[in-house]
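Two separate entries follow, structure 1 and structure 2, each one form of the same protein chain as structure tokens.
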Structure 1
Amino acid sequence: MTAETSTDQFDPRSKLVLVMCISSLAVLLQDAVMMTAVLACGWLAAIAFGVDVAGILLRLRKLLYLFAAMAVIQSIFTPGGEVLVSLGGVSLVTSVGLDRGVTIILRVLIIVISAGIVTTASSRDVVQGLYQWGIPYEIAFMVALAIRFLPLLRQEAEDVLTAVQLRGLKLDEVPLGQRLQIYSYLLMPMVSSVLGKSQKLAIAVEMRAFRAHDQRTSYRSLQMHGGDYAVMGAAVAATAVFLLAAWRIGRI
């Protein structure tokens, strides 16, 4: 019997290596210019893998107020540099705080782009790829479930907000303080629904004798090709270049 092979053009392991490199740079780098370059590289990679980057950024537009608040908070609690905006003698926005705020925003965007790249691979291929890497299948299955539940949680949140709006509540017209209070009320039923689905999933997995044996066999067999090695090699080389450049300028 021949092994079943993946129909995806790229092996999920090459995407995981790319995402690990991009995410590591997002955590280690402290320079806004270099992080912008990393974001641009991740953006191009996401487009190459077929990620709807425009749709992701469109959903993030609702967080613009949060991003602006990050810059102000960083300026207040990280004094230094030139004062750009002040109120009553209190520095609201400084050059150092603005740089820190922009860095946080870039870091969030890089992580979001990285998550988008991972979602282009099926959860089944991710499990198989991790298992062929020698990772225990229990851990690989947990990773796949985490990837699967992220869009499920988002869909659950959208359903709850839609149900509230269908009852005549226009959240855009509600003051920010009351809006946050409404979100806190909606958080409990949303989490409860997700936990209920996860409990049903756990029962279904146990009924299929999950972890009945230490080792598992699979009909699927993922094969690395030249494009996968090229993606991983380029990701590792670019990561080394960024880290070396950041080390030389003392921004790591």
Structure 2
Amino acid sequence: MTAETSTDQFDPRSKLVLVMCISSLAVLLQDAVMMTAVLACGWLAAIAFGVDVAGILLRLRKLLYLFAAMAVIQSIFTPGGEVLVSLGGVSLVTSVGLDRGVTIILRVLIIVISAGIVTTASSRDVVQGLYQWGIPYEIAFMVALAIRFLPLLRQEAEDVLTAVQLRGLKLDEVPLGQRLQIYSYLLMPMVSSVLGKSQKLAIAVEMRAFRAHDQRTSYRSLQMHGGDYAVMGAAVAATAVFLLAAWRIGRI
């Protein structure tokens, strides 16, 4: 999730700017062709920053199936445009529907892949970057804690699911009503663990003089370099070009 060391030469803030630009485009753009271009740019940028894109896609494949299914459903129920596939007079896939479905998938892919760029920065650097931007340290610190503890929670969820299945539960053979009850049971160890952990964490944090003063010093301070300005400049410029082009063809 986080980089082992912070030898990375780019300031996390330039990465944040880049990711914000790319994801704003993902949200604002409507045109599938332009979004594909943005996805290509984001993908290249992610690889340039050393993101394991294939790994991310592999982990997200179940979610992607879900979005693909949503795209098909969108396409079925959205009338308009040419009818591409019809069955007994009922139009199944229309051009407008297909277009919407595809843009949903593109949007998700762009956001997920570009967000991978932030995870190449050490969470400490992200905190420090946000802090130097004037965001209160408490909030920045909470963000870092969340990044740090999400993988632990995932491990725990896996253990819980394994434990209940090892006790003889065949989840896919259980009727829906009972399955809901079981899911509600499974939440219990998770919730209790999160509560317990956060209480212990809060104590440990406070006992190391957290919020002793309104100010704090920073052992490591971040310095923007030429490369960072180049990355941010390029990101902002490219975003402006995309938005302008989209405006010219009236699809924004």
Partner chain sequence: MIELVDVSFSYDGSQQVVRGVDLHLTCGGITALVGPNGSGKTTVGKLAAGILKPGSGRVEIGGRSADGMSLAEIGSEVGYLFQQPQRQLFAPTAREELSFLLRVQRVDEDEIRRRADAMLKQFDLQHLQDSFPFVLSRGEKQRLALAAVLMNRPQFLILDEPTTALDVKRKAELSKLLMRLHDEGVGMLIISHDSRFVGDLAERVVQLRGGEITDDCRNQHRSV
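For clarity, a rigid core is taken as the largest C-alpha set superposing within 1.5 Å between two forms. Please read all numbers here as calculations on a predicted model, not as lab measurements. The first residue in the sequence of structure 1 is number 1, and each one after it adds one.
- The form predicted alone corresponds to structure 1; structure 2 is the other form.
- The Cα shift for residue 202 between structure 1 and structure 2, taken after rigid core superposition, is 2 angstroms or larger.
- The two forms, fitted on the rigid core, differ between structure 1 and structure 2 by 2 Å or more at the CA of residue 189.
- Shown in the overlay between structure 1 and structure 2, fitted on the rigid core, is a CA shift at residue 160 of 2 Å or greater.
- On a core-based overlay, residue 213 has a Cα shift of 3.1 Å between structure 1 and structure 2.
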